[in-house]
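Laid out below as structure tokens are two forms of one and the same protein chain, each shown alone and named structure 1 and structure 2.
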Structure 1
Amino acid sequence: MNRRSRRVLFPRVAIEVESETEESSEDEEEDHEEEPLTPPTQPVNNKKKAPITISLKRVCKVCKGTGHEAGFKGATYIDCPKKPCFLCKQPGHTTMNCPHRVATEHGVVPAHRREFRGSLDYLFERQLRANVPMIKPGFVIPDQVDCAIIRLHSRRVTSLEFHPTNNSILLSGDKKGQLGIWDYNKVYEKTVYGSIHSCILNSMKFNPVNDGSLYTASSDGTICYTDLEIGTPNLLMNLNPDGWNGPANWRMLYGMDISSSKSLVLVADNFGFLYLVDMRSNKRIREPVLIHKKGTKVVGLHCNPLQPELLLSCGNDHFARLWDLRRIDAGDSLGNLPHSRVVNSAYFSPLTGTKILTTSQDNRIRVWDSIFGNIESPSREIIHSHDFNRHLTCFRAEWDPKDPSESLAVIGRYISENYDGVALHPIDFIDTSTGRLVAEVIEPNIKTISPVNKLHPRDDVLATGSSRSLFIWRPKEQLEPSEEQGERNYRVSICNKQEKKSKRAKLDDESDEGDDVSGLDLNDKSKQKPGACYKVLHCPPSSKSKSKK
């Protein structure tokens, strides 16, 4: 086709310009000013082509309407006013002035006091209530990055687990199926096993009788059992023995837990089925059981810490479900916990196992105070921004296993806040008994969202997976005081491309530690060195200057 005929066939182009002369100061319109806009001449032979309209009006990126704009203005995001609030999902206001955003109570919707008291309530009062401490201790918040490992993984982190006996070992799984092992007390001691799985490592659990080995479940449809010293995976179960036969047949494993008293590995797939594998014989026992709506993903499984027969599952059918492992059959759950959208996670409380904490895509964290009562509605709903699934690992609120009152939970936040001109996504510590936001933890160098968080079972330590990097947080008061106010050193190890690049530049003979670089931005790749100890500006949540307009 020559140039001439191309022009003839091209549809008519109309141009709309902003009518009212706005205070068009620095805006991008000037770019268009001199453009030789296609002339709407020669409308020959273009009857069938719809005219193209080029609009120079300010258009909202979200609703395409005029008169307003949505998007980032500096570090503050402006919502489209025509959409319901992005946080609480209610119409009539935007996230910026959502009452749940600025209130420390974070939007708690308590359940009505129930008059009904069944026999299980009495059982709870008689046998378990005495073990539940009534006085809540002060929370210790790990709010200062102590060390970090940048780009340990080549894809985003999907799961984290602390070693059950070695206090400073953190395991991490990623979207590629790789397994990272990091001793954060010796920051530069890290290993990545690249051939455990072929895609997303969704869940990992230690063998309760051998803490040197790990069970992992993956979207490749396998469970692997790996000795951490050797790193060679042993295939325990493979749901796709015939390879790829299209998405309708490819089975992926998500939720996994271990019932140590029954010596079982419990794992569930993306079609709603639960599989039971005996840990002694490494054989599957009984047929898979449909525990959620057929064809929907079961994303979480959790065994009750005190009652070995109780299992909690959650999934994409908008339910968390309670099961009795002694008689588990399709449709025969002990209880169903309804949600309005997908349930990302559901956990029993870590000590007594009598509470349930769930995270749902509807931007709500729900708490059931007693599994023995009426569980049709939660005791509390806590509004919290975590509605995002694509591109990111799902957000999950997790209990602090050290909190004797079983009320503190940690969860990353999707929505950003403007901290001194930088958009940061905090990690929230929430008192689930009141919904109060106990702390929002940030670090100016972590500019990516931190959906994966794990609190240490014994130490006051928080591990965070953010994009491909890992961070270890400790309470400020437990760290050495800073030399200058507002600044602190933390140890950083940088991996992957950066490491290779640095080796090429013959920097690898430099000392691993003590390489202070003042005011370094970890995102500024040109200034990075491997194994350096960076001095960063500390921006504590208490002294942050949130700009709330």
Structure 2
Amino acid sequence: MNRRSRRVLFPRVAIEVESETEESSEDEEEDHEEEPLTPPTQPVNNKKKAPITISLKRVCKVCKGTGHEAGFKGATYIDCPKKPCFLCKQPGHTTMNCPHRVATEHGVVPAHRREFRGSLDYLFERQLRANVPMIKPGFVIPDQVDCAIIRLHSRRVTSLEFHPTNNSILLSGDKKGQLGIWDYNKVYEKTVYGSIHSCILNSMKFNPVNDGSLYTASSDGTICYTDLEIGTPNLLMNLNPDGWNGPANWRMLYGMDISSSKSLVLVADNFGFLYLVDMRSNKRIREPVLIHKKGTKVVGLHCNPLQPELLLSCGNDHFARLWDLRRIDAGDSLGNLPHSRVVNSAYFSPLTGTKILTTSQDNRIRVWDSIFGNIESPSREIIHSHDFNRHLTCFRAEWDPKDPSESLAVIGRYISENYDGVALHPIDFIDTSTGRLVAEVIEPNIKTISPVNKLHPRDDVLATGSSRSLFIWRPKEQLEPSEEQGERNYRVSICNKQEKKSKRAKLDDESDEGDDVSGLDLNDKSKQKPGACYKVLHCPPSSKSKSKK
């Protein structure tokens, strides 16, 4: 029996190749494009598939045009010639030669002295100015890694908080809703509670009268009150009692703070509302108050350290707002601080509470030197690279709580820099009074971005959350070099817990998969960068330590 061959109709493929010469005419390009088309003499078969065009032309990732390339190529950002500078958002130059890339204080104008003086100015001079030192002390910068714990979390780190009484305890939350407790003095002692929330843990605050308890707010719409010794969460508020009813009705909690004078937990959601929870009864009081534009996220809340009735909020409606908790109602804010894009964070200064520091997605850090004057425009704007795309926790500039001059702030950097042929993302220390870059700290073996940074309120310590790992930085002067090698060995603890993820989870969490060990290759010594040595301590998979109070 003869085998009958079966004809399969494959679609015709046209390949477009970008011409290397500029002298080719338009007629030649048109003839080249018409080649894959069916000749008019041949009858068209309706069953045939349309021709597939494969383009080999260079396409810009920014403007989608052809003939040039732009966007991130590896860790280096290439500017689009049709768009303004990615860093300062101004036309006329590229990111590589932007003057703000070299000197952050470029274009920063110090705040002018106001001509008038009101009653609030005299109040500031008499009651608050005495706590501000006349001579500005030198900054202490934690610039070297002291210890690290790798893969503590199963998703990227979203928040950090130091224990209020135990100096060596660091708490961390992640995208999955887990709560991690790490004693970085002992390195290997850690605990991870995985049943606190079902998704992103956005904010955490300690109970001011009980340092063994923690308030947490999550994107699952709940506030939990957790005993850190046993890890059992107590549900205080649930905005989604009926479960998932679509994105239009799902409420997520972001910004949170505690007003100790009023015994209130303040928390805000993704629809612009503020909720008040009584810490004594653990129940919600009064109806929610609309404090930002309806339908926009309120991502940050902060109570003034000296005047707890003053509340500072920020959100996706491009505003930071001041409120009086004694008479807070919709549209009754004390002042509005406009921004050109989303405001990621807003904080009062930690000692006097008279300054405001905000971080916006327009690559600007804004500083207000006095909340008693005209707050419609900031005292200065500092251009800094923190405008990111996705798969990252928001960058937030935070004050140094130990700085008596209230001028030092820390923030991670988005655009990488070339350090001896290695693309690294430094952590920047900025003098907010002048805009000067005080220091940029790097570790040659950490090649991932560090968006979450927290300075210790009592010690000269910086905690960093990069991907799923945590790092502790200390000043180089306080670290003793190794006698044998002449350099410091920092301790690294690797968690061996491996979790199997579904196909959908891998698609949703691309960024968390791409940096499995946060840039540290500890197994292959040939891939380690010079400048640091490791003392690796592997965590036992079954051991879980409790944080001591």
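Here the rigid core means the biggest group of C-alpha atoms that line up within 1.5 Å when the two forms are laid on top of each other. These numbers come from a predicted model, not from an experiment. Residues are numbered by position in structure 1's sequence, first residue being 1.
Two forms of the same chain are shown on their own. Structure 2 is the form predicted on its own.
Superposed on the rigid core, the forms differ at G65: its CA is offset by 5.0 Å between structure 1 and structure 2.
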